[in-house]
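Presented as structure tokens, the chain that follows is alone, the form predicted alone.
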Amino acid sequence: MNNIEIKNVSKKYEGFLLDKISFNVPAGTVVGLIGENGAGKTTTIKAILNIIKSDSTVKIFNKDIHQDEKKIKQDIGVVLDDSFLSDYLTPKQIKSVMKEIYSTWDEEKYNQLIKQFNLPENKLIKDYSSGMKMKLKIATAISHNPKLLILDEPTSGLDPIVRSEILDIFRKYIEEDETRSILLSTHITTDLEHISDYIVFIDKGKIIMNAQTDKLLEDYGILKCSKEEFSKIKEDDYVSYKKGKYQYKVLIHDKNNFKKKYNMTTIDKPSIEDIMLFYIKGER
């Protein structure tokens, strides 16, 4: 079962086209959405949530978001950069607002998260730091026990310790119920290596990769070689390369097959960030 199914999501702005984006978010999984700033990640998320109108088919929980938006959103927790929370509310006041919106609002869970994040209950949101505001958004999004979390840069601006704490909360959220899912957009790709099941890579409004995270990190490799060695490699056997003063770095998309064809063994394991940067910044 897929908690999100999107097909041919397209949106045109002056100077930018989100071009027929299609992917699924299966139940019980975390899907990471990556790409440069301006690649189309936030536009995709807003199209999924019907915040912006697009030419698309979007199904959440097998229901059309355009037809059943109100019912669907009762079971979604959302964290976006532009918060829906008034700066002149306190976390304590938010409880009163949320329990009127969500029939499944869990005040005990909310209080627990507020305490865990060390957020002052009676302090106005406008006086919070950016990191504190993000933690409050996450606490609010999770506290009505949604079936789906949609998160746009949820760990941005947070220190590594708090980021690790939040990732643990996301893991626990999935483990508590195997029908739940998370769609997580981030530029901190190291977070995705620890939590995601799938990676969807958007570049210039198009999907250029949609793969299982483990398989991606297992299959790809970075070869370090001389110019002479590089000249012997067929173009079909690599994705991109970077030319240095003394050596070439080459992104290989099937390192096991590559090792069988070429007598070059200095192949390192890449990170998701390495793969992304080779696709975007590498030479071809």
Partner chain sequence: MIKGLLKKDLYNLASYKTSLIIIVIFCGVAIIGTDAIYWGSVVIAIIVGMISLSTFNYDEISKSNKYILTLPVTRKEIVLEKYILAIGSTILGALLGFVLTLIIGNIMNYLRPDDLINISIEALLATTVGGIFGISLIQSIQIPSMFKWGAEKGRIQMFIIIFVLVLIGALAGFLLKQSGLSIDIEKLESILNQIGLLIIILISALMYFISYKISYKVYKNKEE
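The shown structure was predicted, so the numbers you read here are calculated from the model rather than taken from an experiment. Residue numbers count along the first chain shown, from 1.
Beyond the structure shown, there is the form predicted together with the partner chain, which is absent from this document and is the topic of what follows.
>> Under a 4.5 Å heavy atom criterion, is Y102 part of the interface with the partner chain in the model of the complex?
In response: Because a heavy atom of Y102 falls inside 4.5 Å of the partner chain in the model of the complex, the answer is yes.
> Does any heavy atom of N50 come within 4.5 Å of a heavy atom of the partner chain in the model of the complex?
Replying inline: N50: yes, in contact with the partner chain in the model of the complex.
>> in the model of the complex, does S86 come within 4.5 Å of the partner chain, counting heavy atoms only?
In response: Heavy-atom contact with the partner chain at 4.5 Å: present for S86.
> Does the partner chain get within 4.5 angstroms of any non-hydrogen atom of K59 in the model of the complex?
Replying inline: Close contact is absent here: in the model of the complex, K59 is far from the partner chain, nothing within 4.5 Å, heavy atoms only.
>> Can you pick out, from I174, L119, V97, M209, the residue that has a heavy atom within 4.5 Å of the partner chain in the model of the complex?
In response: Of I174, L119, V97, M209, the residue with a heavy atom within 4.5 Å of the partner chain in the model of the complex is V97.
>> To verify the annotation, which of these, T213, S156, Q93, N111, has a non-hydrogen atom within 4.5 Å of the partner chain in the model of the complex?
In response: Contact with the partner chain in the model of the complex is made by Q93 alone.
> Does every residue of K46, K70 and L80 put a non-hydrogen atom within 4.5 angstroms of the partner chain in the model of the complex?
Replying inline: Every residue of the candidate spot has a heavy atom within 4.5 Å of the partner chain in the model of the complex.
> Only one of 5-13, 272-280, 19-27, 257-265 gets a heavy atom within 4.5 Å of the partner chain in the model of the complex; which is it?
Replying inline: That would be 5-13.
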